[in-house]
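Only one chain is given next, in structure tokens, and it is the form predicted alone.
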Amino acid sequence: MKNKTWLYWLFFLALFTAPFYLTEFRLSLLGKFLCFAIIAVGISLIWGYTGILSLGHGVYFGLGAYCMAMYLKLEDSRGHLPDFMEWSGVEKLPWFWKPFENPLFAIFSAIIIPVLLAAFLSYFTFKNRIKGVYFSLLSQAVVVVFVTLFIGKQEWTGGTNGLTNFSTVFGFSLSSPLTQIVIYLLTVLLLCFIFIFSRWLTRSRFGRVLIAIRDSENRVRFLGFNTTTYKVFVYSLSAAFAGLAGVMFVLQVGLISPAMMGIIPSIEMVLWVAVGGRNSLIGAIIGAIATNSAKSFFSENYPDIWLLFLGGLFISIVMFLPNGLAGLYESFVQRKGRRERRKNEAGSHVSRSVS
């Protein structure tokens, strides 16, 4: 366990020091991948530890991103209507946009709106014992509804183009390399905090109940636990993580559109966790970084066939590494432990024979 702790610290230390050894472009890419890693931790909590497969987390990510983007757009407009509203013929700022002039309200909304939606959806589904593939399909239906709504209300959301062209945040230029480094470091800090909190949660009594629900929910319910409460809480928590990831994503990438909260991105989020290992929080983080790094590498070097390479990677992981990269590491550690035990047993047997 101590060896693992040291590995965790070394991993996050490497992330913190990335501005010293990565170019500005690569640092920007890594910052975006860390936002995805925050989402992956939440999905690992609900899928790997609780057995809830959600294919709709793109909605929570998108809602958090849009909340922050609304503030950035209003700050960039400097008291005028956002440009896309003028193009759509809007003459007055909609009432629900006005509170987003306050950055604290925008950040708070980026967390609470996904949480409220997730709590509402999960309460009524889990209370009625809807789970498995039925819940997965329901989560995808929510994605379709929100994407259609955001595209249709172009005068409020920017339509298919989404919200973009931000220049400042809290008065600081977003194009400044120093600002981007600060945002990157904040992303690393946020990921580190979420990882530590999630690891503490999974190792606590609450986490043991989540694992028990995953393995046999009926037995847990028979023992007197209200499984609906546990599932609603952890699902809402994962939605909060996705909303926070959306905030940091907008600050680093500078845009958000309905396409980024659709069905395909939502499925990709699950694939990140599958690649890293759904039963491992650090595996989910590594899976998000590794998968998106591979996607970037293949698209840069093989622009015509990069999707084939990426598909081959996913198929290989599913077929040969069902527990992901984290499972591969655990298997290596277990084999090493067995070899050491055999050596010790053989050594003790020889010593007894001599004596």
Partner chain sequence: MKPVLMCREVLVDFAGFKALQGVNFEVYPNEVRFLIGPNGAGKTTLLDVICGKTRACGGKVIFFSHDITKLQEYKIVKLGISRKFQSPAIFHQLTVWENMELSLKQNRGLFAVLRAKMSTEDREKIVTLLKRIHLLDYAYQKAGALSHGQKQWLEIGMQLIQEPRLLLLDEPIAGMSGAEREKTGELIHEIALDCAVLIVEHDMDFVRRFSKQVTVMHEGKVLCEGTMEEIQQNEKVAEVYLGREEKAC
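Positions refer to the first chain, counted from 1. Since the structure is predicted, the reported quantities are computational estimates derived from the model, not experimental observations.
Note that the form predicted in complex with its partner chain isn't included here; everything after this is about it.
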Open item on the list: Within 4.5 Å, heavy atoms only, which of W87, F225, W97, F172 is in contact with its partner chain in the predicted bound form?
Closed with: F225
Task: Contact residue in the predicted bound form, from V220, V115, A106, I282 (heavy atom within 4.5 Å of its partner chain) - done: V220
- [ ] Go through 227 to 235, 156 to 164, 184 to 192, 245 to 253 and give me the stretch that gets within 4.5 Å of its partner chain in the predicted bound form, heavy atoms only.
- [x] 227 to 235
Task: S216 within 4.5 Å of its partner chain in the predicted bound form, heavy atoms - done: yes
Open item on the list: Please tell me whether any heavy atom belonging to R129 falls inside 4.5 Å of a heavy atom of its partner chain, as the geometry stands in the predicted bound form.
Closed with: yes
Open item on the list: Does any part of F124 reach within 4.5 Å of its partner chain in the predicted bound form? Heavy atoms only, please.
Closed with: no
TODO: Considering only heavy atoms, tell me if Y134 and its partner chain come within 4.5 Å of each other in the predicted bound form.
DONE: no
Task: Contacts with its partner chain in the predicted bound form - residues in 192 to 217 whose heavy atoms fall within 4.5 Å - done: W200, L201, R205, F206, R208, V209, I211, A212, R214, D215, S216
